[in-house]
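One chain follows as structure tokens, the form predicted alone.
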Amino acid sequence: MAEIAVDVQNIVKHYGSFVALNDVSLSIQDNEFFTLLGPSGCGKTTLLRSIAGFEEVTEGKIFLYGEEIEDLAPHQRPINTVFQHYALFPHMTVHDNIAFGLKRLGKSQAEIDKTVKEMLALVQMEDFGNRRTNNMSGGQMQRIALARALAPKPKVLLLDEPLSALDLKLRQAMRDELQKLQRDTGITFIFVTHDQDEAMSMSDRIAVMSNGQVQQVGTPDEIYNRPKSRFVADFIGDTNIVDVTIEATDAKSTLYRSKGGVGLQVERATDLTVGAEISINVRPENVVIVDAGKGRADATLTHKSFFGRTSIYSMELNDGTLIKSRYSSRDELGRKEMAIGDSVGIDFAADTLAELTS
């Protein structure tokens, strides 16, 4: 079993009467790329700053590899942070920026020069040591900030939305570089972002946060395909959510009834009882359009949007519930033309449906 790098236990953080973190607990494994994901104001940066020591927690405990650290000053924690705007020293060379933390630790000049050389190679900037940072691109400054943070060999590296200031193409390239850096160094990365694509593409596991609480922790696949709450399902990507009541269930199937009376029979048992009011979630790419009368329910085609690589079909069930289906352009080949107003059926595999109980 993997060693626990950071263990957050029942953390509470108050700013006056405002509760920024409300009983947050989670464990982050050694050598894990772990992401705190959520909308602005959800508490993810406050949690990151609490781990770093920049915020004092109101209640709770934080452990770093088994050592309790919530009362330690930031410089006493073997943790480094890469900030959103890098916080580089413009009057210093790249070499001196990277060397700064090593000098404060009292390292010898020979060790400093050796480490700086290694860090420049790690971020593929070997020829930039003598240049100043004030005329460099965003991507170059990002690499320098990473090299400076990694140079003291911290046990944990915290990254507070470090890609948000970059343009889209560079941001996508830096995702791959961050993943490679994490694998190459073996350091535990804790990454904060509001960008779902960043979180899904880079992370080993994700904690989705809202209103100062952790809503769900899981792998990208678990978060996307098996969300535990309506918030997680709706926040992560595009989806279909239908409010239903469980009308009947047995060992092999469940009958869900929408608020408007549409029944959806699914070949899968549920742990919930008859009469339970929940929501069900199916991603658009898992909704298949079939002939009317041959699916789980009938619908009327109301809109089609073409996005190049994909097309989105919008449909309305008989009770007015809107359902979306996504097809790739390749899947569209050979599909018969459908006109707005056509009657169709919708279908989906039973294992692509998720029950949302909160």
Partner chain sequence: MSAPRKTKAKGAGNVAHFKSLYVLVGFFYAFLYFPIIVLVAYSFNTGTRAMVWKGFGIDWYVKVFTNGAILDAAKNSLLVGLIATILATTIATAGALALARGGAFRGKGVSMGVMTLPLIVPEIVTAVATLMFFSAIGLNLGLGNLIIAHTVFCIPFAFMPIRARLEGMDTYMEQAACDLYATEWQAFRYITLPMMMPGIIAGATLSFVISLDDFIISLMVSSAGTTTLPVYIYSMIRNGISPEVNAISTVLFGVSLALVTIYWIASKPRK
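Just so it is clear, the structure is predicted and the values come from calculations on it, not from any experiment. Positions refer to the first chain, counted from 1.
Keep in mind that the form predicted together with its partner chain is missing from the display, and what follows is about it.
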### Message
Under a 4.5 angstroms heavy atom criterion, identify the one residue in N130, S108, T273, N135 near its partner chain in the model of the complex.
### Response
N135
### Task
Note which of R104, K169, R183, K252 lies within 4.5 Å of its partner chain in the model of the complex, where distance is taken over heavy atoms; exactly one does.
R104
### Partner contact for V123 in the model of the complex: its partner chain, 4.5 angstroms, heavy atom
no
### Task
Although its partner chain is absent from this view, report whether G260 comes within 4.5 Å of it in the model of the complex, heavy atoms only.
no
### Query
Closest heavy atom of F63 to its partner chain in the model of the complex, within 4.5 Å or not?
no
### Message
Residue-level question: is R205 within 4.5 Å of its partner chain in the model of the complex, judged on heavy atoms?
### Response
no
#### Entry: Region of this chain that lies against its partner chain in the model of the complex, out of 77 to 85, 187 to 195, 219 to 227, 278 to 286 [heavy atom, 4.5 Å]
77 to 85
